[in-house]
Structures are given as C-alpha cells and as structure tokens.
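Only one chain is included here, represented as structure tokens and corresponding to the form predicted alone.
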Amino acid sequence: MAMAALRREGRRFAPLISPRPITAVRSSPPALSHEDEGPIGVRYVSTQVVRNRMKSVKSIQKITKAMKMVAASKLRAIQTKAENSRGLWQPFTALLGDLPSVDVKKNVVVTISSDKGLCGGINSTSVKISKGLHKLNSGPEKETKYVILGEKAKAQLVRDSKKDIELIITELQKNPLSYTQVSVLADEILKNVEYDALRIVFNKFHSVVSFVPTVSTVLSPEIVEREAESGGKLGDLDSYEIEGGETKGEILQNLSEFQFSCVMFNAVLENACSEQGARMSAMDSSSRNAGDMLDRLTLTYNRTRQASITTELIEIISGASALEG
C-alpha cells in the first residue's frame, strides 16, 4: 500500500521535475547547454531573446566603431586641402566683394550636401537655408532656381521644389576631390544656368564637433559692373588699370568665372570636412549608446537567468519533499 501511494505521488509531481535526468544533462556536449536548448517554459525563450539582442547590439557597436575610424582617416586627408583652398577665394572676395543682400532678378541657389547619410544634421541645415533663400528672393518679377550637389539635398528638395530645380549633380566624392574636377562642374553649371547672382550654401568646417552654415555670393559680370558704377563696396574697381587688348567686360567675365570655380572648390572641401567630422561625432555617440544598451541587456539577462535557475531549484526541492512526505 505504501509503495502504491508513493508511485501515485511521484506521478502527480512528475511535471514539476525536469523532463531529462541529471546524468543526461551532464553527459551533453558543452557547446549545447541546458538553457541553450530551451526545452519548455517562457523563461528559456526570454533568455534566448535577450542573448540574441546582445549579439546584434555588439555587431552594431563594431560597425559604428569602424565607421568612426574610417571617417577620421578621411577627415585628415581632406582637412589639409580645405585649409589650403581658403587662400584661393579670399583675394576675389577682397576684389569683387561678397554681397548677400544684393537685389537681382535671377537668383540661383547652389546647395552642397553629401551623398551618404549617418552624418548628423548638416544636410538638413543646408536644405533649410536654401529654402529660406529661395523664399527670400522670390517675387513677381524675380526667378529663383536650385542647383543641387549631393543625393541628400536632392531627396529633400525634389519633394516640394521639383519644378525649381535646374541641375542635379551627384557622386561628387566618388573620386578624390581636386580643383580640376570641381572646375569642370562649375563650368557645366555656368553653361546650363542663367543667373545674376549665384548663392552657394555649404557648411564651413571649424572643428570635429563644430561647423557653420555659410552662404557665399558670386555675382555675374553685368551685376558687378552695375554695382561698380553705382559706387558702394565695388566702386574701387574703376581705379584699376587694364593692360592688354581685353575690355573691362571680358576681364570681369573671366574673373567672375574663376571666382565661382574657386569658391565652389573651397565650399565642396569645407562641406566634405564637416560631413566627416559630423559622421565621427555621430558614430562615437552611437558606439557609446550601444555600450549603454549592452550593459542594460547584460543586467536583464543575468537577472532572468538567475530567476529561472531559482525557479527550477524550488521545483526540484518541492518535488523531492513531496516524494519523501
């Protein structure tokens, strides 16, 4: 009678005990533990989910660290070029001026952005300023068009200003930037666009964590001559003597084209430096956030695993106590 009662009690508490014998667990290979198999119960599934999440966060952290190192390497290469290019456009600014407030009929906003993302808000800033310039220089007798450099500005401006886009140039940084490459692009813009003023929007590089949205204005030869005749900042142009057989209009035409190519070269390099610096900061922040998330997931995993082990021990002890009593 006692043996029959013991067998009945054993069958009643059997579901509470692990379905595999202890010897079977010990004889299993070390690569496949009891918890990795996840036999029955929500606690095993949740532990596995947390483990998978930790693995994916570690992979993302490796990628962001690698992207930060690549951006730092590219920044060092471009920064020297950008600093040297500042000496090209400064003499033209001293001679022909930079008049952002000049009132003309035909304005062209040249928006410089990046082709790739993950670089903070530099592209959004350039697009916002470009839209503000477009709105400021629009009117019943005025015409304002866009020339876009970069995929990111294209994606944002095409949505609501497609009819005002005159020219789109992408993949500018596919090859190392040089003055020859940028001067060809500047010549293409001048051939395809009619303008009185070119307003170039870019991000000027200050440091890895700092960039300043900047607008440079290049006037057409006719507007430069008009401003020089009316006096003001360009009134000193008449004091220069012209040598050779070229007329004043031809010299202003050559100076204006050369000024635009120099300003474009500097703007493209400054924007590229700002892009890499912003990408470094963004990837560094992402790596730190991934580390914080990994710490929280590790704590959650340890707590979940400890709770599951405690629950199993309670079930085994309760079953053993019932069999004895």
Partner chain sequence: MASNGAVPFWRAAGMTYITYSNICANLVRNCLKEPYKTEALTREKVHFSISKWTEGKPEKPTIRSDSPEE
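None of these values were measured; they are calculated from a predicted model. Residue numbers count along the first chain shown, from 1.
FYI, the form predicted together with the partner chain isn't displayed, but the following is about it.
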**Report entry** Options 165-173, 93-101, 211-219, 68-76; stretch whose heavy atom lies within 4.5 Å of the partner chain in the predicted complex
**Finding:** 165-173
Query raised in the report: Would N84 show up as a contact with the partner chain in the predicted complex if we use heavy atoms at 4.5 Å?
Result: no
Requested in this report: Answer with yes or no whether Q61 is in contact with the partner chain in the predicted complex, where contact means some heavy atom within 4.5 Å.
Outcome: no
Report task. Although the partner chain is absent from this view, report whether N254 comes within 4.5 Å of it in the predicted complex, heavy atoms only. Result -> yes
Query raised in the report: With the partner left out of view, is V224 within 4.5 angstroms of the partner chain in the predicted complex by any non-hydrogen atom?
Result: no
**Report entry** Answer option from L190, A228, L133, V127, heavy atom within 4.5 Å of the partner chain in the predicted complex
**Finding:** L190
**Report entry** Three-residue site V57, T298 and Y301 fully in contact with the partner chain in the predicted complex at 4.5 Å by heavy atom
**Finding:** no
